[in-house]
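In the form predicted alone, a lone chain appears below as structure tokens.
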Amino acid sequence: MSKRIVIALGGNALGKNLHEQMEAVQKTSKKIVALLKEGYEIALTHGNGPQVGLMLDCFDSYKINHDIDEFTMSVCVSITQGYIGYDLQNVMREEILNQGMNIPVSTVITQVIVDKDDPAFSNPTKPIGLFLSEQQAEKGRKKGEHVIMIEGEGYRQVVASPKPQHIVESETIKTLLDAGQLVIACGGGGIPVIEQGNHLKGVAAVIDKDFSSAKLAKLIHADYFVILTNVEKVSLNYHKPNQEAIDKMNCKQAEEYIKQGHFKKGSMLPKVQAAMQVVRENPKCKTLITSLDKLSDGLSGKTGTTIVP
């Protein structure tokens, strides 16, 4: 039985700084390598919301006193792909060797084509950076940034989040998986690019990593698609007295829950929508939303939220 799996790891799960990131990556590696021992072929994707926001803040601070060009969002995404991939790749390799295996690990700097006319460019919704105080949010708005309030969590900057149309390096990723490697790809949802003839031009956006991961699952013919988040199961009435965990839902039920406003933008909503996309395109792909700690139990059907057509 084939066991090709795309695992989408949230950027917030990687911590708020390099020290926290290293601690988080070490914990993640043990869970991922345990699946390798069970025979899974793994493509690991990851978010970069806090990291790309910090990168932009660093460049903004630097250019105040230095005559440098603007660092674009696409460049910042590529940088975070590199340094997050570097940490993941090295720690995964170490854990693989500690477990007595010899499985190569590769990080693929990944470009994702988007439509230049995507309506998302006129309606920014993708959170980046750390949560802000009210004063910081107001300061950001004065600089022309789009800042929103996320209920129960705080203020956060948002940027355009166009839908992925194609993953440029998908064949490379598939080839590496076919060769038995653990592949880290689509970091931060991928570097957003538009096609200009044969040229790929970076654009100011962040692609939601869950939608890019869903696209990757289709292109590499994944048998499993797992979105890891900070909760064990998707819930109705989240953070309310009548909160109710969902063990399983079909796409029709999910659409109704979305209409009722149970899943928040920039949080659980894109995860549910990405999961729906996968099972609609490939009903045989087993699709799950759960936490890192419950990853193994979720794949064995003991917990998590399963999404079916």
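The term rigid core refers to the most C-alpha atoms you can superpose between the two forms while keeping them within 1.5 Å. A residue's number is simply how far along the shown sequence it sits, counting from 1. Quantities reported herein were computed from a predicted structural model and do not represent experimental measurements.
Not on display, but discussed next: the form predicted in complex with ligand ADP.
Contact here is defined as any heavy atom lying within 4.5 Å of ligand ADP in the predicted bound form, and by that definition not a single one of 52, 58 and 131 is a contact residue. Ligand ADP is not shown here, and in the predicted bound form it never comes within 4.5 Å of any heavy atom of residue 207. The shortest heavy atom separation between residue 282 and ligand ADP in the predicted bound form exceeds 4.5 Å. When ligand ADP is considered in the predicted bound form, residue 106 lies well away from it, no heavy atom lying within 4.5 Å.
Heavy atoms of residue 263 reach within 4.5 Å of ligand ADP in the predicted bound form, making it an interface residue. Screening 22-30, 255-263, 36-44, 274-282 for residues having heavy atoms within 4.5 Å of ligand ADP in the predicted bound form returns a single hit, 255-263. This chain is drawn without ligand ADP; in the predicted bound form, the residue among 235, 78, 125, 165 with a heavy atom within 4.5 Å of it is 235. The listed set 219, 231, 148, 113 contains one residue whose heavy atoms approach ligand ADP in the predicted bound form to within 4.5 Å, identified as 231. Contact residues in stretch 92-114 (any heavy atom within 4.5 Å of ligand ADP, taken in the predicted bound form) are absent; none meets the cut-off.
In this overlay on the rigid core, residue 194 has a C-alpha that sits less than 2 Å away from its partner position between the shown form and the other one. After superposition on the rigid core, the Cα atom of residue 203 is displaced by less than 2 Å between the shown form and the other one. Core-superposed comparison between the shown form and the other one: CA of residue 150 displaced by 2 Å or more.
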